[in-house]
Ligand code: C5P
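Next up is one chain by itself, shown in structure tokens, the form predicted alone.
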């Protein structure tokens, strides 16, 4: 990967101008910020644009602009087949499509080879690895480091991108090339990794609120129960407040934290939680050590959620500016967006409960129509999948109205992926069959399809998932531990 990153860096150095096109989620915003900062430090003139997705129309528009070089971040792999005629570099970790010989070049394979050589992609899938060894931001970081080793300080933002893409979720720590990025950040003095509770809100939530909103893992009798969480901590002798200040998890001393973790382990085991679920209490946590204590930019998970709120509500540039160092006006805007995002997710879950989740043979689904934003429906799908009572043995498909058609989001669990689930392949094939376009990761993928084709899409998706999994497991699967599922924090 570093060798390919070096090739991309050389191409960037030679370019008189670079157009950066990046995705609007946490990974895309952080990756775009890394790319832009690295180009600025190298004195390379550039501009940045954000995209919900990259399709044929969007790619055609980029080609018409005629830029000397385009840098796609956390985008592009799914459109690799249509990149002919474009000078581009891609830093992406999504499943790439196969390149096709355009009609205009089918009589001249030499010209096709030359056209293909004008597109250079850094992608862990091309190295035989999966999506979770490096994020789009991580791939952009590899190029930034190749441009100048001093860019190692950008490792902190790259880790935010990886955590925002749930890359630490399966093993409770970052793996693959992400560990190289982590080591760079620690050496540069911008990151610290430590074993800690994996729950969301270490820096900004009162400690009892962190327990109340615990979702990965779900803690019986505590998750969702504010009074029980307060009582639990008080019984352990934990002072919840100092003066008027509610103490966060980061405010507790080492001894207090050890008491809480030990008590949580006992609490879960006594209530029948499996060992895998209990293990998910603790994992690697990542701190951006140069950020102020108590700030949402200090903890990688909280920073990632902040960026996601910016992108999902059409303000990715706000997040981008925060990533590049703005801690005044833009951070204040981001925090306002985050407060609105949390309230909107609560409303979205109520919408799903009202409409209901329907089951087919191998999948389950819901259609939000215009009641949930297309930029948020994927998060809502993840939350719905992880609600008590929702079968974990079936991946979930969610639909929402969008400006350019119907947005489709698919979410599964790590256990289903281990059994053969590949939602990226499902989205690509099913959307193409109904005149749309899609792709993504094995465990989470998306598509855009024409209105009115939802039922046809579902039938194809249901058949494909059944074939991938060969046959549905025993009914007990529905109740098995959901530790591998991604549970976004409220």
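So that the term is clear: the rigid core is the largest set of C-alpha atoms that superpose within 1.5 Å between two forms. If you're wondering where the values come from, they're calculated on a predicted model, not measured in any experiment. Residue numbers count along the first chain shown, from 1.
Heads up, the form predicted together with the named molecule isn't pictured, but that's what we're talking about next.
Check each of 407, 198, 145, 301 and return the one that places a heavy atom within 4.5 angstroms of the named molecule in the predicted complex. Contact check passes for 407.
Of these, 26 to 34, 446 to 454, 459 to 467, 42 to 50, which stretch puts a heavy atom within 4.5 angstroms of the named molecule in the predicted complex? Selected range: 446 to 454.
Contact label in the predicted complex: residue 321 to the named molecule, heavy atom within 4.5 Å: No.
Since only the chain is shown here, I'm wondering whether residue 67 would be in contact with the named molecule in the predicted complex (any heavy atom pair within 4.5 Å). Although the named molecule is absent here, residue 67 would stay clear of it in the predicted complex, with no heavy atoms inside 4.5 Å.
Using the partner position in the predicted complex, report whether residue 411 sits within 4.5 Å of the named molecule, counting heavy atoms only. Contact check for residue 411: yes, within 4.5 Å of the named molecule in the predicted complex.
For the stretch 418 to 438, which residues lie within 4.5 Å of the named molecule in the predicted complex by non-hydrogen atom distance? Contacts from 418 to 438: 437, 438.
So, superposing on the core, is the move of residue 140 at the CA at least 2 angstroms between the shown form and the other one? No, its C-alpha moves less than 2 Å.
Determine whether the C-alpha of residue 382 shifts by 2 Å or more between the shown form and the other one once the rigid core is superposed. Where the cores coincide, residue 382 still shows a C-alpha shift between the shown form and the other one that is 2 Å or more.
Comparison of CA distance in the predicted complex with shown form for residue 440, residue 144, at least 3 Å: Farther: residue 440 and residue 144 separate by 3 Å or more in the predicted complex.
Might you say whether the CA atoms of residue 63 and residue 409 end up closer or farther apart in the predicted complex than in this form? Their distance differs by 3 Å or more. Relative to this form, farther apart in the predicted complex.
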